[in-house]
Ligand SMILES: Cc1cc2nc3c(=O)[nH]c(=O)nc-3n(C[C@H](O)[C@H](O)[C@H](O)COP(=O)(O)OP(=O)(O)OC[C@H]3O[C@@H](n4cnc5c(N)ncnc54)[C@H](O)[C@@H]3O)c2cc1C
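Just the one chain here, the form predicted on its own, laid out as structure tokens.
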């Protein structure tokens, strides 16, 4: 995958992953603009395509088929992907205000944020109706509705709004539910069409066709009056009619995001953002917008995905022209758009320029158009990587095949796992080192552990550690959190309390304002973690370099009789793992554009979870040994513990929690760059031929970044320990094995696929 090369000169921030913005990302991926950095901020990283929503509701498409995965698309465009909700825009300061993260500065910002349900004007609608927009929120609500219908607790589904989207959605709902229930005749469906009737504004022939379809399907149509009020289980119309219903869906005219009113930008009378023919906010050259959020000043246009799709290329060209000083071109909406409206079953009716056609062939035509659109953002062309480093082409005297292979591998090193050197390389490099002996060093290189322990003469011992690695995610704020968590993990593994931290930061060469923004965001994220840990950031050192990097030298305190060692495993103890594994393969897959965004974002959230509360829970349940699972992988760190404790261990593979998507990534043969070195530790596994055939075996060697704690607790306390960890927020925590007495076998690790469910079972990690 191509990464940005050279200093950042301009920041373009795309707010929302709507139909126009995915086209902008593809455009910049196909033709990058040196010095321009794109950032996509979106509440949901899987963006639904509205044209295929009815087909999904009807059961024709799976959920992933109707969503554009913004992760690979952002990678392709060289864009940063921030999952957050935008709640404001500081136009004067050129900053995007987010709900959960620091403001994001921009040189150019573009808004494609869709719309929200217009329920505020109707009493009770916000409380008792199920809005269809935003679509990402509607899908889980529809799944719950469907479950109630299948369970027999809901029989009557009513939909308010008889535009194209409402009619299409109700027909899809009816088609699916009648085929899934035991007694289809028991279901009732009602369309509330208001004073305009069914499909207002469309040709009479199209309206007549759909009235006939609705009648043939037994769907009642209530027209002639608008909805005046909504209550639990009923609506009241303006003419006094009251219609009872179990489920009320809402597809009426949309409303803009409320925060637009606070921006100072020009809005229309309903609060939508006014834009000129170039898709610029009125009176601004640095704010663009498209999609449902705009009021197009040259002439009103429908709020339909058809128009947003067509606006995408113009938006991309005009952003590019603004950056380069070129001429902008106007967006010219089609005068009569093609509408293809499905009827739930594989049948559709189309209209354009007054012509109306229908049949199964129209459905196939619509299906072909929709799938072709989705392929544009899934089947992305391979792009060459940015040139960097010394030349090593075929003409180089050093470019033998082995050297070329190694150089290629170095170029794709993931940088995660704490960017550790492999265990064998590290042990060989340090093997000849003879540190000066000091009696106050209780734990050091002579008997290494997660951190050094030094007796400073006080009531508590000093615990000291250092970690440093380059950015493994493209969000400096999140990276700061991950780096701090990773460094603090060693202190918690030793049973210590973090006290102070010194930062070591490297920032890429670039414009002062850009460097300052990234450094500020990174340190803000790191300090949030340090503050939560009660650890004071007391100073540090910053330098310039090729890549954004961060580390910490952390000092902690631990009671003299309470510090933990890797060598404290006791036969009979239960082995507890507090967080799921899989970050190494997911980060590697993300680099290659092969990981779904929701997998990567869930992994990032897990890396941002502190081990502090887990350490407290383990201490309360008589923990005897602990380590944090990082670069050497779960197996590597367990081997360290068994060697230091002179015991064996049994791992139960189906008890080991795994991050969502990690199995799929490993199944595609995608591994972290540190994995091959970790796999050398397979010689510690007994009955290796059988073990290698077990499910999840490769994940045992997957290097982790900011991983969980691996600890031993008495077997009698294991169940209570796991329950307490779950209560503390570590939903994936599990007993993953047991400590065994040392045997005569050379290999200390025994792998088994499963054990009876008498002991606490592992939970699959669920994205937060």
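What you are looking at is a predicted structure, and each value in this text was computed from that prediction instead of being measured. Numbering follows the first chain given and starts at 1.
Missing here is the form predicted in complex with the named molecule; even so, the following discussion is about that form.
Note on contacts: among 86, 591, 647, 275, the single residue with a heavy atom within 4.5 Å of the named molecule in the predicted bound form is 86. Of the listed positions (604, 641, 315, 308), a single one reaches within 4.5 angstroms of the named molecule by any non-hydrogen atom in the predicted bound form, namely 308.
Although the named molecule is omitted here, in the predicted bound form none of 629, 636 and 708 has a heavy atom within 4.5 Å of it. Taking the partner from elsewhere, residue 44 is found to have a heavy atom lying within 4.5 Å of the named molecule in the predicted bound form.
In the predicted bound form, none of the heavy atoms of residue 161 sits within 4.5 Å of a heavy atom of the named molecule. Proximity of residue 101 to the named molecule in the predicted bound form: non-hydrogen atoms within 4.5 Å are absent; the residue sits far from the partner. Contact check for residue 114: a non-hydrogen atom falls within 4.5 Å of the named molecule in the predicted bound form. Stretch-level contact check against the named molecule in the predicted bound form with heavy atoms at 4.5 Å: of 671 to 679, 78 to 86, 569 to 577, 228 to 236, the positive one is 78 to 86.
Of the residues in 132 to 150, those that come within 4.5 Å of the named molecule in the predicted bound form through at least one heavy atom are, in sequence order, 132, 133.
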